[in-house]
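In the form predicted alone, a lone chain appears below as structure tokens.
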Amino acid sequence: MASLTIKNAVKRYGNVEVLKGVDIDLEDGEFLVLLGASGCGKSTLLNMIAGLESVTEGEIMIGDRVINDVHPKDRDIAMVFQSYALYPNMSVGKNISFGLEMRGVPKKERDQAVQEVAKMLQMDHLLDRKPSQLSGGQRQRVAMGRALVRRPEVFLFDEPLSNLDAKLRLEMRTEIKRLHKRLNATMVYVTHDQIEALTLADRIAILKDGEVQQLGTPAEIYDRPVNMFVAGLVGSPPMNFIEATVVRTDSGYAAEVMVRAAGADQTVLLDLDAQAADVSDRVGRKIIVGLRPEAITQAGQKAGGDAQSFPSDIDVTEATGADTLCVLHWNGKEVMARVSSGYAQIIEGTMDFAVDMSRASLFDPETEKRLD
């Protein structure tokens, strides 16, 4: 295996700049997920690493070798596609071994490699079947087996689970995670599914309009998003954004919001003393308070830190099994809270909620950047 380095990578199609100076250093054995909406440039970047797209400016390196002008077959990478890309007239075993055969690997060595990979993916009983006889999950295992059998320096995954149903996606996520742990392989994985990103990645690169918005661990991305775009992209339900006015209090500073309770708007001061951001120069000005739904829960449940409690009307509830989501109204806008499953039968009314401001993120309403 090897490290992967992307230095100021730019991709242009005529006058259209699709990638705008991407910098990423991936250590040997690290799992990187490229996350973003359609059209953000993540698949283009993956194709540049694979050699399917040229690099307009910058460098891409595997280990100490610059691969900008290296033919795809000589880059020592393996790619797993969304569409499986299997040969329909070949058996599973032939599909897996075909790449080795094209490279002149002896048959005995090919057969041994296929058996090892098939056993690893628990599909050794499927080697004589054709792709048409397999389920979607089994076909994706074959596509993964074809990549694994080559033992490349870098594995590339282009939204490999998007064609599978929810249950199979969960199973295949676990399988990919297990494979990465077993192989300690360098992997780059493209997805628009933030759950896949959070569960699989060692680090996540969030892309928007061809630029990396944030590169960090799943915990860093989730707990300390650098801007409102990242905060809103990651998390299900996404982070609540609450416009508030900074006020001075006897103990320090607070964010003033209007909370609907007992049918009327009431002023609530959200304590900002637990925040690292200096808001002393923002008194009387607006900020955006970002709160994950789990930071707003029923009073009496441990919310973490010194959670403050106050009543709020519940508009709608959504029982999800493990917990219940409550829609509240703050500043005239919907705010999502997450409470324990015992509150699933709540339809409407007023309830005391606890807010853990130590878990809040503060943003500038004009730049949408995090305040630190």
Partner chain sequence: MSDHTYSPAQGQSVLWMRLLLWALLILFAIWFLLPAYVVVGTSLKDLEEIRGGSLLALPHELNFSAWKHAWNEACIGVRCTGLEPYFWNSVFMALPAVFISTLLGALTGYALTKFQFRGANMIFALILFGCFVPFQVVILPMAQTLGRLGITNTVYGLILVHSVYGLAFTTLFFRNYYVTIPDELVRAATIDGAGFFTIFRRIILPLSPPIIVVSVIWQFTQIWNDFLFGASFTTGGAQPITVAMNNLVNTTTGVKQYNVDMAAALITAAPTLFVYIVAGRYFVRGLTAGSVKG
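The term rigid core refers to the most C-alpha atoms you can superpose between the two forms while keeping them within 1.5 Å. All values reported here derive from a predicted model rather than from experimental measurement. Positions refer to the first chain, counted from 1.
Although not depicted, the form predicted together with the partner chain is the subject of the following passage.
Q: Taking Tyr189, Leu215 and Phe229 as the candidate spot, are all three within 4.5 angstroms of the partner chain in the model of the complex by heavy atoms?
A: Contact check failed for every one of Tyr189, Leu215 and Phe229.
Q: Decide whether Lys181 counts as a contact residue for the partner chain in the model of the complex under a heavy atom distance cut-off of 4.5 Å.
A: No.
Q: Using heavy atoms and a 4.5 Å limit, would one call Met90 a contact residue for the partner chain in the model of the complex?
A: It does: once the partner chain is placed as it appears in the model of the complex, Met90 has a heavy atom within 4.5 Å of it.
Q: Using the partner position in the model of the complex, report whether Ser251 sits within 4.5 Å of the partner chain, counting heavy atoms only.
A: No - in the model of the complex, heavy atoms of Ser251 and the partner chain never come within 4.5 Å of each other.
Q: Counting only non-hydrogen atoms and a 4.5 angstroms cut-off, does His71 reach the partner chain in the model of the complex?
A: Residue-level check for His71: yes, a contact with the partner chain.
Q: Please pick, from Arg150, Lys208, Arg129, Arg173, the one residue with any non-hydrogen atom lying within 4.5 angstroms of the partner chain in the model of the complex.
A: It is Arg150 that has a heavy atom within 4.5 Å of the partner.
Q: Among Asp278, Asp265, Glu101, Glu256, which has any heavy atom within 4.5 Å of the partner chain in the model of the complex?
A: Only one listed residue qualifies here, and that residue is Glu101.
Q: Within 4.5 Å, heavy atoms only, one stretch in 52-60, 23-31, 314-322, 331-339 touches the partner chain in the model of the complex. Which?
A: Flagged stretch: 52-60.
Q: Go through 134-169 residue by residue and record those having a heavy atom within 4.5 Å of the partner chain in the model of the complex; state none if no residue qualifies.
A: The stretch 134-169, when checked against the partner chain in the model of the complex, contributes Arg139, Arg146, Arg150 at the 4.5 Å heavy-atom cut-off.
Q: Does the distance between the two CA positions of Lys208 reach 2 Å or more between the shown form and the other one, the core being superposed?
A: No, the C-alpha position differs by under 2 Å between the shown form and the other one.
Q: Against the rigid core, is the Cα displacement of Arg150 between the shown form and the other one at least 2 Å?
A: No, shifts by less than 2 Å.
Q: Spell out whether the Cα of Lys130 moves at least 2 Å between the shown form and the other one when the two forms are superposed on their rigid core.
A: For Lys130, whose C-alpha is compared between the shown form and the other one after core superposition, the shift is 2 Å or more.
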